[in-house]
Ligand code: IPM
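Just one chain follows, in the form predicted on its own, and it is written as C-alpha cells.
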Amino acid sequence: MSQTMLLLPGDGIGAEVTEQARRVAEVIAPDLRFEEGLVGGASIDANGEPLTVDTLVKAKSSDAVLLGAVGGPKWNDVDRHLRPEMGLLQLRKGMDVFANLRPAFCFPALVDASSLKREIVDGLDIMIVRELTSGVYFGEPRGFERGIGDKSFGYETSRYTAGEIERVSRVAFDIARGRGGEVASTEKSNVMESGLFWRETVTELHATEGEGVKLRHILADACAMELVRDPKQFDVILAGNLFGDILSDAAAMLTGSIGMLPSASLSYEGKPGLYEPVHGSAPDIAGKGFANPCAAILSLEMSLRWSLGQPDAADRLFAAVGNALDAGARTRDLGGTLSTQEMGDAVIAAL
C-alpha cells in the first residue's frame, strides 16, 4: 500500500531544504507519494492566515508530514495571532503531536566542528523528549495590558495536567528502554508549582510503568550547565515545552551545526507524525542556494523510522549522510563549499 507524505515547505530556506529531502525520498522510498500545502508566511500571503483548515485536514489524513520552516521579517508587522509561527503551533496542536523528539548526535566527521573540545562531544548521542502541546506556550490566561509606567505588564500561565505529563513520560521511558535505559527529567520544581507537579507526576508514573528505566530528576538550569560540561552523561532528557525548547537548542550546538539536526513530533500510535529540521527559516540566506539540507534529509529519516514503518530504509539513510560527511561533503555552515543541491547529490551518491 502506498503511503502519503504531506510536504509543507513553508518560508525562507524551507523550500530549498525540503526539495532535497524529496529528491532523497525518491531514491530511498520510491513508493512514497507526496502532496503539498502551505503553512506560515506562505499561507498568510496566499490565504490570509498561517494555517488553513484544509491544510490541517490534509495533515491529519496523511501518513507523515514533512515541514521546512516558518517565519521571517516580511511578516513582523502582522497581528500576533496571525504570525507565521502561529501556523506551526496550530499544526502541532491540531495534529496532537505531543511528544517532540530532538536527537543530538555528533557524526564522527563533524567532531571537530563543535565549539566544544573533541573529547567532550566525540560519541555524543542524546535524545531529548519535549512535551509539545501544553505548558506555558499554550496555557491560559495569557496576554498583556498596556498602561502607564509599571501598570503595563504581560503574562502567561504555565499549566500541565497529569495526563499531559504522563503520556509524554511514557514516550521517554519507551525510548530509553531501546537505548541506555536512563531518563533525566527536567523542571524547575524549586521555584515553580507546575515544575513540582511535573516532578511528582513523573515519579509516580515511573513507580508503576518505569520498569527497566533508571529515572533521575535535574533542575533545568543545572541540566543546561551539564549539557555544556559533560553532555555524554545524558541518554534521554525529558522536559516540558519551554525548557525542552531551550535545552534542545543548546544541545544542537554541541553537534557542529544546527543545520544537521532533525526532529520528530509524535502523537498516539497510528496517527501521523510531524517532522521538521530545527534550524528555522534563515531568511538571511534564503534563495542563495547554500543552506544545509541535512537536517531536512534526516527529518525524512526519522519519518521512515517513526511513522512509515521502514526502519531498514531509515538505517540506510542515516548511514548515507554519515558516509557523505566522511567523504568530505560540506556546506558552508560546516566549513565547506557545497551548495544545497550538491549536498543532496552527495547523500544520494552515498545511497
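All residue numbers refer to positions in the sequence shown, first residue = 1. Given the structure is predicted, the values throughout are model-derived calculations rather than measurements.
This next part talks about the form predicted together with this ligand, which is not shown.
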Report whether the minimum heavy atom distance between residue 188 and this ligand in the model of the complex is within 4.5 Å. no
Proximity of residue 85 to this ligand in the model of the complex, heavy atoms at 4.5 Å: yes
4.5 Å heavy atom contact, residue 137 to this ligand in the model of the complex: yes
Partner contact for residue 218 in the model of the complex: this ligand, 4.5 angstroms, heavy atom: no
Of these, 106 to 114, 86 to 94, 167 to 175, 189 to 197, which stretch puts a heavy atom within 4.5 angstroms of this ligand in the model of the complex? 86 to 94
Heavy atom within 4.5 Å of this ligand in the model of the complex: which residues of 307 to 331 meet that condition, in order? none
